[in-house]
Every structure is written in C-alpha cells, then in structure tokens.
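Only one chain is given next, in structure tokens, and it is the form predicted on its own.
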C-alpha cells in the first residue's frame, strides 16, 4: 500500500535571519509563465538604455610632457607602471594607481622613436633620433646618484622601432633594415633586408617567440624567422602600413594599421587576402594594440578618435573621443584587460575604461548577479531592432560624422563606376573582386 505524505522542509521557505530576502518558491515550467519573454524583453531594453546612460569611459589625464607623446610601453610584471616617450627625447615613468609621474629622464636628443620593457621587468630599452639604443634601470637612481643608462649602443642609422624577445636577452630594431641584437654585444647578430629603404615598426610574436614581423615603406609587411638567414615572405598592399600587432592568443594572426583608414587582420599562413578588413576610421590609423584576451583590439587614428574592434568584426563596437584630444599617436591596452591608455599630439596620456559602462571597484554578489543577468538578456535580444539601435548608436564629432558620410558616397560612386565598366566590357574581362582582395597587390616568397 502506497502512502503519500506531504513533506515541508522549513529550510525551503523560512529566512535564516530577518535581514534576508523572503524565500519565494518558484516553478520554472514555461507553461506557467506565458508572459516571461515580453517581461525579459522589457528588462533587456532597460538594461541596454542604462548601459548607454552609464557609459562614461574617460577616467584620467596624465599631463607632464612638454611635447607630443610619441610612444608608450607597458611594464611586463607591474600593472600600475607605464612608460612614455615624447618628441623632445624625454621619457617618463608613471604610477597609474596614483596617476602621477614618478620619474623623468632625458633619454635622447630628438624624438624617442620606440621603447620596450625587458621581459623580466628589471630594465627597459629606448631608441631615438640620435642613432642610439639605450638600456635603463627600471628603479630610479638613489639619492645623489646621476641618471645614467646601463648600456648605450651607437648605430649607423636612425632607428624607428624596437621590440624585445619574450623569453631571451634578444631584441630587434628597425630603421633602414631589421637588426637582431644580443644584449651583451654592441653589433647586431643578424640583419635582414629585402630591397626596402626603411621600416616603420617591428614586432615579436608573443606565442611563437622566434617569429617577427615588420612594416616597410614600400607598402609591404615582411615576416621573419630568427632561425633563418633570410626573411620568410612579404605581402605588398595598395597603401603603406604604419604598425602591426600580433594576436597574443592565436599565434598565426596579426593585425596591421594602414594609411587607407582601415585595419587588416591576416593569417600568416595565407597572405593572399586578409582574414578581416576593419573599417570605421576616417583618417590614417597610426597604432593598435590587442587585448590580453586576444578577442578585441584598440586602434588609434589621425582622426582624433580611438576605436575598439572585435578581432573578427568589420566595424568597431566602441568609439572614444574628447574635445581636447588631437591626433592619437600611440595606444596600449592594459595587461588586466580593463583599461586603455592613449598618447596624443597635445602632450597628454589619457586613461579610458575598456568597457565604457563598467562599474569600477568591488561589486557586491547581488550586483555581480544583476550584471551577469543583464548581460545575458542583452545577448539574447541583441538582434531586436529597438535594442540594436540603442546599443549601436554612438555620438560622433560633427566633422567625423560628415567625413563618414562623404566616404560612404565616394565608395558607392566607385562601386557604381565599376559596375558600369563591367556592364559595357567583354564578359569576364573585368573580374569581380571582393573587398578583401582589393587591398593586396601581391605576396612575395
């Protein structure tokens, strides 16, 4: 004989203390909640609106330089330390938590062209217009001691870029050629040339640490392997690339910033066409840096804006600008993935949030829960027209807004002309080229 017993456990409905929230039993069966979706849609809409209301990305401005900020370097082991070099040869070390300059040194005569922190974080290297490479101690000199470099190497030509190996005492410079240097020697251990008059940037791959890439003045991007005696291959584009950055999570992918207002992500195994073309800037893109997660990167442009792109998205998810900020020359994404640092023409370094509406500081468990719930709701309803419109809308400065419209008209005119030429030509004589293929001239091996 079966006996059914009603069992009620007080733990399910009685509060532990009077300060707790009342426990409400819930049955999650969708048949009992016919209006759940419309309720969730309203919540998603409100969450999206609030996200735009609280989007205040600008945090602080670090001023102290007396000339435009030309390059920056992140500390490899300390989150709160940033180094910056300006156009008058001055290098400053900043403490980001206190938001103040802790050390200033006159490193070079003329521009500081590049700087990088050694992988151990004990010292850093700078190159400048005075044809020298200098190595400096990370700690400030003691009382009464003079500011002297640990090591100075005099080169034959001006160096335009610099990067350090991730694990060994080896660094690379670029100028009229790409040189690989050992820290213990005063002459390069290897030099790479490929019929190019000058290089503007060189970067080591953070994953496959023996690989490096450089941007050359003949509109090409050249790939090298330190174990080989000659460069691997190069891709020649329609316009010159200014800088490039490797994806820290995917060894084969790198993104380059170009003079034609776009950024291009390539797979180094297949250089015939870029993996993605990132379009949105209205002037030359001067610098970029990847997020440590490898999912996004930030770009700095001559059009006085900073944009954040998803690595596989053609358009930016965020644009930052201020009235006072002029041409943005250098950009860095902090190693904890939360902040962006930009250096610009008008002598300022600015600190931004990577996620514009993120609340900083310690979050209570209920705040975290609410944030995660809202995030999921926004993802669920992201394609609804109303939510999409609010989430994607960004206010732009008037001149950038008009330039974008103008570029759109010009692009449409070019397309129309191409269509007309194709229509009035012999079939097959004017091939259809995709947007990705248009920008690559050839690949040389």
Partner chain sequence: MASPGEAAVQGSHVEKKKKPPARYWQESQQEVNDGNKVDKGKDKAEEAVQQKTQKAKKRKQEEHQRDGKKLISGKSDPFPGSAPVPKERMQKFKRKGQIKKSRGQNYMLKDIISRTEEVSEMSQKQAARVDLLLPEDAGFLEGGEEEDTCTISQQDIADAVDITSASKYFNLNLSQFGPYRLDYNRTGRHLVLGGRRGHVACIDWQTKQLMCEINVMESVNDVKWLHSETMYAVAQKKWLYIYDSNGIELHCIRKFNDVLRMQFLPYHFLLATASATGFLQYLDVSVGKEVAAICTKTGRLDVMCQNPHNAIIHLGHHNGTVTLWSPNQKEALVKMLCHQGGVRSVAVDKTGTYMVTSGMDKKLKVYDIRAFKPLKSYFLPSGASCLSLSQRGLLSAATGDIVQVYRDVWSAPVTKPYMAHRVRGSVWGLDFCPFEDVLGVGHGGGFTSMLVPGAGEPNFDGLDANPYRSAKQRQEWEVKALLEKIQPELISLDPTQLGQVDRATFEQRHQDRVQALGFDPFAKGKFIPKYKKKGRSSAGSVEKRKKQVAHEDQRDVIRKTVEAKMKMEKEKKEKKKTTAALSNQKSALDRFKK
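Residue numbers count along the first chain shown, from 1. Please read these numbers as outputs of a predicted model, since none were measured by experiment. We call the rigid core whatever largest set of C-alpha positions still superposes within 1.5 Å between the two forms.
Not pictured, yet referred to below: the form predicted in complex with its partner chain.
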Residue 61, heavy atom within 4.5 angstroms of its partner chain in the predicted bound form: no
Just to confirm, residue 39 within 4.5 Å of its partner chain in the predicted bound form by heavy atoms? yes
Are any of the heavy atoms in residue 32 no more than 4.5 Å from a heavy atom of its partner chain in the predicted bound form? yes
Residue 384 within 4.5 Å of its partner chain in the predicted bound form, heavy atoms: yes
Those residues of 6-41 with a non-hydrogen atom no more than 4.5 Å from its partner chain in the predicted bound form are 6, 7, 8, 10, 13, 14, 22, 23, 24, 25, 26, 27, 28, 29, 30, 31, 32, 33, 34, 35, 36, 37, 38, 39, 41
Is the C-alpha displacement of residue 8 equal to or greater than 2 Å between this form and the one not shown once the rigid core has been superposed? yes
Could you check, with the core superposed, whether the Cα atom of residue 422 shifts 2 Å or more between this form and the one not shown? yes
After a core superposition, would you say residue 437 shifts its C-alpha by at least 2 Å between this form and the one not shown? no
